[in-house]
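There is one chain below, alone, in structure tokens, taken in the form predicted on its own.
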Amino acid sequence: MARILVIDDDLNLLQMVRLMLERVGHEVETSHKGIEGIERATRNPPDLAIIDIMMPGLNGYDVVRRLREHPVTARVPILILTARSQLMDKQTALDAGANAFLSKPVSAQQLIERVEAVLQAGVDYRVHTGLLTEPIRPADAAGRAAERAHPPAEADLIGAIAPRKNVIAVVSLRGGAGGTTLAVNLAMWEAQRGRRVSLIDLSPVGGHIPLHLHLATPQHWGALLGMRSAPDPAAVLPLLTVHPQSQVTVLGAPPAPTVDRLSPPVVQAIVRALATHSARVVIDLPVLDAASAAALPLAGTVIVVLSDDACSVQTVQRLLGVLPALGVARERIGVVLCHVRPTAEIPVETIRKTLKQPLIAEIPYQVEQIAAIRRGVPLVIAEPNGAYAQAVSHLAQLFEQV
């Protein structure tokens, strides 16, 4: 568990927050003055600082700025917890260098969820409402302060954020929309061309890639849970499982759902290692969490998958508004419509108008899909001349020059 410093002039709130955090195992230190809190943080840097804004003397904004400017505390994640709730208050806190903002009153569940999200994401990410994360740009005020105190090498900075042309992320936040099926078939299509392909399953709820391939994955990314810093690539490659028929290497998810998540540095190390190891990397992203947000900026192409139902269209419409804030340029995003039933619920033209974005591909429904999953043989292999396989082939060829 983490060491957490709470700075607030309200003694009753300090006691309440201490109890909330200690009940889940965190070690908590408190301070009711800004300057005292800074002294304690610089003397013994915590894993996380929780800071109020309205305090006598040194206010919370100034405390955040000073922590960011001090070399000892520049890399400490910061959560603002305050009764102020205006958008301007939040933006000022983030500009000062905070990683997250939470308004009082707050429940124990809200506080614990936000604390865990910030601890997992780390100082280089902001955690927003809904626990969505975005990388902090070097041009941000917080980034500049952190760089002054702990400047990264230019090569490291470029390597951390530059997308890899050979990495495709398949994002489908609506279950049953065909995202995992598409990711598996894309990987198989690439492998049939004689390329070395890696397939990453970032699902935190068990993952379905082994089901599609009838493949046991005794090693998986669960071995990297709890790590805060990037592992050596030599620790990643042994976790891969080879699919015998295609030679695709699969980084599976833990077989049982897990509340733990890979930290952003670990996710980025995985993607970079496999992008070096393989000619093509396909990532299946069925949720949007800190791990997914860390992987997305490294993908040269992000395929957003939806089906022809109202909930899926609404989910994708909202996701398209979020992706640029997560470091995904619009020109790297392609929307793919997967028909998962014989009859469409919403006409294609209506979907296009709603999303205000063209579809780069339509993947047709094929009744043999169910049998393909049951047999563990993807349609691009089982039915290479079928409508589904031909559509996947057309989509994959769009990335041939990528």
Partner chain sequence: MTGQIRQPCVSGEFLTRTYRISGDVNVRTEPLLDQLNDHLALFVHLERVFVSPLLDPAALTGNFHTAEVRKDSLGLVVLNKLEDGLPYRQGRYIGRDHIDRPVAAVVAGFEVRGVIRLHPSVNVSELIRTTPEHFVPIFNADATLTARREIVFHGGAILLNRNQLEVFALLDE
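Numbering follows the first chain given and starts at 1. Please read all numbers here as calculations on a predicted model, not as lab measurements. Rigid core: the largest C-alpha set superposing within 1.5 Å between the two forms.
The same protein also has a form predicted together with its partner chain, omitted here; what follows describes it.
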(request) Could you spot which one of Met88, Val205, Val242, Ala234 gets a heavy atom to within 4.5 Å of its partner chain in the predicted bound form? (result) Met88
(message) Can you pick out, from Gln317, Thr92, Thr258, Gln219, the residue that has a heavy atom within 4.5 Å of its partner chain in the predicted bound form?
(response) Thr92
(message) Would all three of Asp9, Met54 and Arg84 be in contact with its partner chain in the predicted bound form, where contact means some heavy atom lies within 4.5 Å?
(response) yes
(request) Decide whether Lys104 counts as a contact residue for its partner chain in the predicted bound form under a heavy atom distance cut-off of 4.5 Å. (result) yes
(message) Even though the partner isn't displayed, in the predicted bound form is Arg352 close enough to its partner chain, meaning a heavy atom within 4.5 Å?
(response) no
(message) Given that its partner chain is not shown alongside this chain, does Pro324 nevertheless sit within 4.5 Å of it in the predicted bound form, heavy atom to heavy atom?
(response) yes
(message) My question is simply whether His32 lines the interface with its partner chain in the predicted bound form - judged by any non-hydrogen atom within 4.5 Å.
(response) yes
(message) The chain here is shown without its partner chain. Which stretch in 42-50, 339-347, 58-66, 364-372 comes within 4.5 angstroms of it in the predicted bound form, by heavy atom distance?
(response) 58-66
(message) Core superposed first: is there a CA shift of 2 Å or greater at Glu383 between the shown form and the other one?
(response) no
(request) Examine Val6 after superposing the rigid core and state whether its CA is displaced by 2 Å or more between the shown form and the other one. (result) yes
(message) Using a rigid core superposition, assess whether Met54 undergoes a CA shift of 2 Å or more between the shown form and the other one.
(response) yes
(request) Just say closer or farther for the C-alpha distance from Leu326 to Lys90 in the predicted bound form, relative to the shown form; it changes by 3 Å or more. (result) closer
(request) Can you tell whether Lys90 sits closer to or farther from Gly327 in the predicted bound form than it does here, judged by CA atoms, where the change is 3 Å or more? (result) closer
